[in-house]
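The chain that follows stands alone, in the form predicted alone, written as structure tokens.
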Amino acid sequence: MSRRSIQRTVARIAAAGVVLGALAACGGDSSDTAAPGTGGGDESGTAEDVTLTWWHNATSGPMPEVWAQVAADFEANNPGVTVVQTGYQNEELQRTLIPNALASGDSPDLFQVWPGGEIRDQVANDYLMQLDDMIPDTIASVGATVNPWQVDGATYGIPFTFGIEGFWYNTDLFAEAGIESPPTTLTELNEAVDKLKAIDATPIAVGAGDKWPAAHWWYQFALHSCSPDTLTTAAAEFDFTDPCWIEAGTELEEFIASEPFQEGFLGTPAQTGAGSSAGLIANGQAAMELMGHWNAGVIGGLTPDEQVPPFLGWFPFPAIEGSAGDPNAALGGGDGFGCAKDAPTECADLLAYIMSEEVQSQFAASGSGIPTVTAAQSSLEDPNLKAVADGLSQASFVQLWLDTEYGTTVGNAMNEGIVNLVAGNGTPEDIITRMQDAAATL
């Protein structure tokens, strides 16, 4: 599947509201969800003396416990199979651990697989197991959300969650500052920042110490400065000549100059500890954080009672007036799992179990994200996740995370340029030059 096809597919996902179920009507029941003793992709139905290693990105909030229980239940239902599951910080997992493990030939059996450029590179290097013949019903159960995890029509990963990015905010601080409704334009966002400063509240927390949260700010300015056609062309051809790309950096520079972020934001982690950007939201020390759909669970895990705070709300990134960007465009993606090419067939069984309605319902009830299996979406309890799902259904265009879309080479160069800009050590033009130079090496 080409970059253009993936881009259009994700846009169609948003337009049809697939996370709400419209495109996942193939059914939530699956005959290959590794029910007790079935053995899924293993025709013999037996599993003896098999150890499966599983790497995921759950390190805080409720998800480490959820995945630990999934591993234990799978072991109980499949005698002879041992599941060794380990959580790592997302950045370390995506940028270092998995690439190094795959290149060394000593990878885990089941691991996070990101769509876009990364999965295309992994398939090109023959690292991943093709799943279509192994667990076809599981693939069908998530409908069109699986398409970004396919390459040339074949499936190499399955998303267990899919959603869009937006602002997680403190409704109490908004009320105290006299902000009557969430901002819908950049002008209104700037006004909200000023009102929050007036009550001595930190307007926005950002975990720039982990770099990617800072990069996402430029992503959003690019998304709302460039037209959908320009974004699609960039994904397909690495064409960044449209002036809107420079405009995005200029807009971000101007926004940063208004000092909307917390003191020391360049060294702040995103999701680990009370002093992280998520922790500042959890404990009422900042009013907003721009983050993905998983953030409610992270924030809940950092409160004193480890519950999602009652003041938490969500709204999409606002439109930029006068720009070519679609005001209803959204930036998003999902988390998925795939199996190593030479993993035991039980790896596909474990993946099918993770994608079962039972486990997807547990995931939804945990408040950690939006499940991709339609039948499990009724288990969503967090009103904010319901708001994210509704936001996705109303988005007219959904762009995959830009570093994911462009792949490791261009994505890393882009992120480095953005981080330099945010730190005051680069220019809007530097970002584009880095991206173009990186693309030229492909």
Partner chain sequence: MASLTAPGPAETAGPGVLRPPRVRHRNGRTRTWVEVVVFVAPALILFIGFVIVPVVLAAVYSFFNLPAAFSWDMLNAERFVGLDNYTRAFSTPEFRRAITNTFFILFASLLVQGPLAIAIALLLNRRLRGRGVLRLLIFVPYVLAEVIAGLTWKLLLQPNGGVNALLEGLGLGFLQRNWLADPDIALYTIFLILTWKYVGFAILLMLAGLQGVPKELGEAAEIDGASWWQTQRYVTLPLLAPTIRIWAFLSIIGSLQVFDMVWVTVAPTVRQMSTETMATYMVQQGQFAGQPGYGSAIAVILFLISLVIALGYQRLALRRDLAGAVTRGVR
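Positions refer to the first chain, counted from 1. Predicted model only: the values in this text are computed from it and were never measured.
The following text describes the form predicted in complex with the partner chain, which does not appear among the structures shown.
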In the predicted bound form, does D390 have a heavy atom within 4.5 Å of the partner chain? no
Quick one: does T433 come within 4.5 Å of the partner chain in the predicted bound form, counting heavy atoms only? no
Should G178 be counted as a contact of the partner chain in the predicted bound form, where contact means heavy atoms within 4.5 Å? no
At the 4.5 Å heavy atom threshold, is A154 in contact with the partner chain in the predicted bound form? no
Candidate stretches 347 to 355, 89 to 97, 330 to 338, 368 to 376 - the one whose heavy atoms come within 4.5 Å of the partner chain in the predicted bound form: 89 to 97
Considering G80, G264, G284, P243, which brings a non-hydrogen atom within 4.5 Å of the partner chain in the predicted bound form? G264
Would you kindly say which of G209, P309, P136, G313 lies with a heavy atom within 4.5 Å of the partner chain in the predicted bound form? G209
Contact check, 407 to 440 vs the partner chain in the predicted bound form, heavy atom within 4.5 Å, ordered by sequence, gives T408, T409, N412, E416, V419, N420, A423, N425, R434
